[in-house]
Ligand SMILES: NC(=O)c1ccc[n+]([C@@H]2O[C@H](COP(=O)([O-])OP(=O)(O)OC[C@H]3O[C@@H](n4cnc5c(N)ncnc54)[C@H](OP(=O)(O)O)[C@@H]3O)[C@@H](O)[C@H]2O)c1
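For reference, the chain that follows is the form predicted alone, supplied as structure tokens.
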């Protein structure tokens, strides 16, 4: 129970990596708040997780929602020890055909959402708190058709450094997890059958040196490490968990 007595916020916590991270932090003794845009999915996730979970309806691209989120967190928890800014979107952005609406959708969720999530909860953060940002292995390579997504995640990687420098006097550590291709709903296309998704996962997994896509729990383990005192000497760093895809 390495997080006994700690409080945590996970944005985008109703599925995938966020849900797995919520489970890991709960199992380690933390009280956890999860956010999402779907009330139905949030309630389902809260029931699935059990334990001390606070579901909060919030769209991280809305500053009004983030202000309401802060109010609910302060009322329920008083203060925060851990923030996992996980909410985001992913889609292809070919140079020749990507429209402005897609650009704004990605940048608003992945860059604006992360920055203003941290800003919103900053008054609640305890000195010595841990902030974890979710970036991507794409920030390290040049993937065709992924220019805007990759740029948004490179911005998040930069936030881990700049926010760390700005919050240094309060001993608030900001680090990043950088997942590779993980089997989560974000990779499942609308209307795609389970059989079609399994075929997709096999194709993508074949491109990874370890021969498979990753599991949400494998990212959650890294989040737990960064949230705990075990990572007390890490600051502004990035943990890449991608099966070797960006390295080999």
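Since the model is a prediction, treat every value here as computed from it, not as a measurement. Positions refer to the first chain, counted from 1.
The form predicted in complex with this ligand exists for this protein as well; it is not shown, and the discussion that follows is about that form.
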Counting only non-hydrogen atoms and a 4.5 angstroms cut-off, does residue 185 reach this ligand in the model of the complex?
-> yes
This ligand contact in the model of the complex: residue 160, any heavy atom under 4.5 Å | no
So, in the model of the complex, is residue 134 in contact with this ligand at a 4.5 angstroms heavy atom limit?
-> yes
Contact between residue 228 and this ligand in the model of the complex at 4.5 Å, heavy atoms?
-> no
When this ligand is placed as it is in the model of the complex, which of 25-33, 47-55, 191-199, 176-184 ends up with heavy atoms within 4.5 Å of it?
-> 176-184
Looking at this ligand in the model of the complex, which residues in 66-89 have at least one heavy atom within 4.5 Å of it?
-> 86, 87, 88, 89
